[in-house]
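The same protein chain appears twice below, in two forms, each given on its own as structure tokens and labelled structure 1 and structure 2.
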Structure 1
């Protein structure tokens, strides 16, 4: 080639500044250079596809639209070739050597205004090509424009001083980029390494990608297709491929939207929960794409952490292609995207639970911890997630579950509370003295038997304007109801309460007659600002040295035979009355799950039995 055909150009100052920025600080993962170049190739062929609808005179019109990648481990080169629109001589200079069309000036101005931090502008100004210089010490760009009079050219640069443009008459339409790799980046000339990168970042690019003659991207981007065009078999295969799963999905959400943000999403809900079997905590598994190009396979912060069991793909053309993982969590656009998807997933669960309650109940049993975590941690969605919770209650058969919405529909006129009780099992809760007054009045009580339930309920606070109220706490007001049996007089009751308070001292904060008991003599109530039994158990599980002095309010049943006999015995047999008073306290603490040490209880019981027999 004669010297006359060689054009030498010096990079503009801004291009030098940009190249230095790209090579040293713009991209955190060098391996994404291939994703960038494949994305550019795909965009170029997409433009040609649109052009072919209006232009008839296209250079090399018979060439197939495909991306060809060739590795040469011996020569330490990597070649990426497309059959897209290509470039003219002027476009080579404008796009790769000056600031006219590359957006470089705007990029650098935006970076200057941001105080030197390029993170938020990555991908907005078409600078992806320059990522090639992160791994190559020389880049050659062979090209021919789609126009019939387009000439074959080659652009060559070391990414530092400048570039040359020469004739390349053998070049066909499109662009062929040859990277001469740096010594410490030679891994990108190995076929297995490049294949892994294509499968990781570019598997769903809409054009065939051939690596050393073999097509790599076999799986279609189903999320961009209409639901009516996708079969159940295709959905299942796609789920198993993207989630690396062997089960079938329990639920699926496939939708697209243009506002408030452009979204194409295909979300799967697995049928098994690995965390339930003691496996490690799941990592986010909804991959983020931009125009079929992978941005992040497991983006942290895109969806709330409680949705980490969700699998699938979210594609948004509004997301900058080169947004870095570090800046994703700071992106208002990504937060908006996550908010839209979260609400859609929650709505999908609500719809599915209504359509097939039994299927949802089976699913919920496996995944309930995630929904409870969502109520406790996802403030923006906690009311909607609360609708998805399921539980048994005093008005459901054993094994049958209900929802807060169902509870509200069954509640009495004027009832402004949702009553609940927490305990180890339904069997134990059913025999609890706390339930007596509520059953007598026909008030439904929700049963919660999971260690985390109380924390979840405290986080929720209310549902549909009705306050969530534990029936084991003091301060619960109940209406009067018809009672059977003779009762102590008001003065006798007051005297007995005073005796019990004096006898039990600072172990109780108050003793009073109440409306809660029907068949039991006494119950212990946790003060409204006190630590519940479940909270105490959680604290002790986390800290073996945890100590909390138990103080409760006592409520007595003045109609119960034992209470009436105790009232008589406090004067006729004060010693036994004192023993019975302390035993009743311990009995009530046992029923409440608040008795830590039963040695005194057993010793006292033996004494009482001895006196009873003697």
Structure 2
């Protein structure tokens, strides 16, 4: 090899950081490197198989699609070779020298924050090709692209600062990775150790794996077997292989059906949600097969988007093999299939949640956004998904959750609404004046504290025929309840309401006395067609120039001492009465989270304090 062909490159900064972590911090689970490399090899051959359908001119077209692994205990090397698409010079630089993956930064961040449970981190992110440097002090990647004009090349690196690329004219299509093992990692050049790893992690790879000439894996369609013939270990290994995951599946659904469509499905629900770590949006991960032949590993539009966290395999003998990935969504058969599977998955959650509520609660905490997304976007299933939602309420202990079904079973005879309130936290909601009347009447109020909840509830509209009703909205009718304490007379109340409306003018749409309040003097209600505080907050977050005039309806408490005194002061001290009226409005807006500009509030408060002391 002539000196002239040698090209030197340095790694991108992110790769260096990643390598530093891989080499110096990831001591546990080093053995996963083999699985990562085999999985890359299998992906690459999967791509080649697809290309073969459309491209005629493929380099070394006659090579069999298999993975060849060779150990050399004496030379302390391990070699993994595939016949996949390979890489061109540009692709070598692009794929193995830079990180296009936006999630890598999140990975590095999460690694730092976890402060040292890297095993778990690998489970959530995977470190792919670079995991080779956990066990090797030198990695050589020989490759030739499937493109006829591709050159034979070898990429070499010690995993520190950079890599070289040289010509390797002998190399045929695909990738051959030669690991020169670190002194203390020589176990991976022993045939028995490597065999055990392949059996553990890569048994379900869809291509033959040959270790030192002997076929190792079974390439088995587990989903076609009957439940009683599959062990827990096989299920777990299959999940980890198909989902490229390291966690234990939280739930599993293995079933077959003949009507309305032939289905063999093996579905897994992960126990970790990578989107929570700021990773990019997941791609659909329930692969579609027809009689064991892979049609699409990531079919878009098969399952509703919110179910993108679901992993596994669906095999339907009714789906024609030649269905194109592009037109799949237009197929009535595929839609039917997706609809049947979604319903089964939702039913499975319902059953599991009943069987073990605590497990479900833990799971739900990590995955709740998906369910909420489902309620808001999956029209056909929203009522069923709504049963899976969990929340705290005025009748649950802190940290304990309920479902809408529980709420309905506890609700009062004849109660035709489900009451809720949305706000930033349980504490803030508990101290809100809106709750008073509901507490006094023993009516349960659901607490929603997530930014998306309002939108979700709006999409849902009702549950089990009961209208979902925000208690901060005007127009919530409550039954009379025995109210304690002296009240202003009806005519006094009317006169006071008229006075307040007059003083506050356009800022309020109406002032009335009401039965909601127990301990607070006044409350601001959002008109039924008005924008709620959460919507306003969202609009303001999106547009800093967003302005709208807040108009609320006021409800006063004619039993409250302040209100009674205000009624009297109207005549005896009109100046102070006017100030108090405006201050009451501001106070009610603060409680509702609707006060935008507090400058007037503060100067008025100062005037009032001066008068109180003076």
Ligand code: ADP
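Numbering follows the first chain given and starts at 1. Everything numeric here is computed off the predicted structure, so don't read it as measured data. Rigid core: the largest C-alpha set superposing within 1.5 Å between the two forms.
Each structure shows the same chain on its own, and structure 2 is the form predicted in complex with the ligand.
Taking 2 Å as the criterion, residue 358 does not count as shifted between structures 1 and 2: its C-alpha moves by less than this amount when the rigid core is aligned. Once both forms are fitted on their core, a CA shift of 2 Å or more is seen for residue 181 between structures 1 and 2. Relative to the superposed rigid core, the position of the CA of residue 208 differs between structures 1 and 2 by 2 Å or more. On rigid-core superposition between structures 1 and 2, the C-alpha of residue 157 is found to move 45.8 angstrom.
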